[in-house]
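Let's start with one chain on its own, the form predicted alone, as structure tokens.
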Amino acid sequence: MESIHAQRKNEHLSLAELNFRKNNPVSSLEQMRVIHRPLPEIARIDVDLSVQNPEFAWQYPFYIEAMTGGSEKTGAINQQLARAAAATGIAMAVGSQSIAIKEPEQIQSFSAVRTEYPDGFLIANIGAGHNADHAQQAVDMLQANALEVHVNTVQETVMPEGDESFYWIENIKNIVSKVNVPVIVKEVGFGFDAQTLSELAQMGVQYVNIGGRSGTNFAEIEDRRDRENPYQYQYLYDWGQTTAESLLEAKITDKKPTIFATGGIQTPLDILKAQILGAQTVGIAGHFLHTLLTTGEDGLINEIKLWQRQLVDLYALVGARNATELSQVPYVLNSELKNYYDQRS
């Protein structure tokens, strides 16, 4: 019999997939249009998709974002995701390892990822309420190459058994200074604002994953998990900034960390758009989970390989030989997103 915490992990997984099927997710990046220029003067062979960052020297600018782990069922999903990442050469993050810090019997549901992907770039994951020792344990558990420290005030607020104290800044500072791998501060789906991005940069945080709204909605998931009083927090389902809005928040911030993006990414075009708006790399969670659960491991591998090929096509289509040149690609925002940007800037 698994613990209540482990059962919660199973519920998260099931409800995330249920919400994906029910809501037919639409990326917030559809509010942005890339301007077509008919003479790009480039060939596909000229395109280099690699991430130009010595700490994240990836061949492709997208990865499998944090999803799961912490129970027998979710551990098996982690293994499948890791095998797909290994077959396609992309990086992978795991879900929160907090449960494995408390329940050592759940370590295997995370450490198996390294077994499946011995030479891969793996990203560990711990909540901002944990100290630096716990953060290092999470890294060591995976022999991880980087660490995500997730911030999730909205999720904790709605979660029936959630935390009620959010004094996290000192923890983040200590983790950044003491952990022996690069640290990414990550929202779980409610976005970032310019002020917080600037504050994190001043604290020494070098990487932030904006984790915008429009992907997996943990306010809705936790609200549905509350069996005694479900749907009490429906008014929070659209709380926070979307992925597109969060990327614009980063654009109006002079001093900011390197930006990663996740939240509702559905196509290779969403990856391109996020990079045009300033993301160095892009994470995909819900869409890849849905692909895995509906088409199996081979289906996910085939989709990732398709995205890798199509992203080369898209770079060539906009005349960009590498990610640096994407900053020169013209675009327009729809009226709603433009209005948001004008008010915030």
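Note that residue numbering follows the sequence shown and begins at 1. Predicted model, so just to flag it, every value in this text is computed and none were measured.
Absent from the display: the form predicted together with a small molecule. The rest refers to it.
- With the small molecule omitted here, the record of contacts in the predicted bound form names 212 to 220 of 83 to 91, 212 to 220, 191 to 199, 115 to 123, defined by a heavy atom within 4.5 Å.
- Put simply, residue 286 is close to the small molecule in the predicted bound form: some heavy atom of it is within 4.5 Å.
- At the 4.5 Å threshold, heavy atoms of residue 264 reach the small molecule in the predicted bound form.
- For residue 326, no non-hydrogen atom is located within 4.5 Å of the small molecule in the predicted bound form, even though that partner is not displayed.
- Interface residue remark: residue 96 is counted as part of the site for the small molecule in the predicted bound form, having a heavy atom within 4.5 Å.
- For the options 300, 67, 277, 32, the residue carrying a heavy atom within 4.5 angstroms of the small molecule in the predicted bound form is 67.
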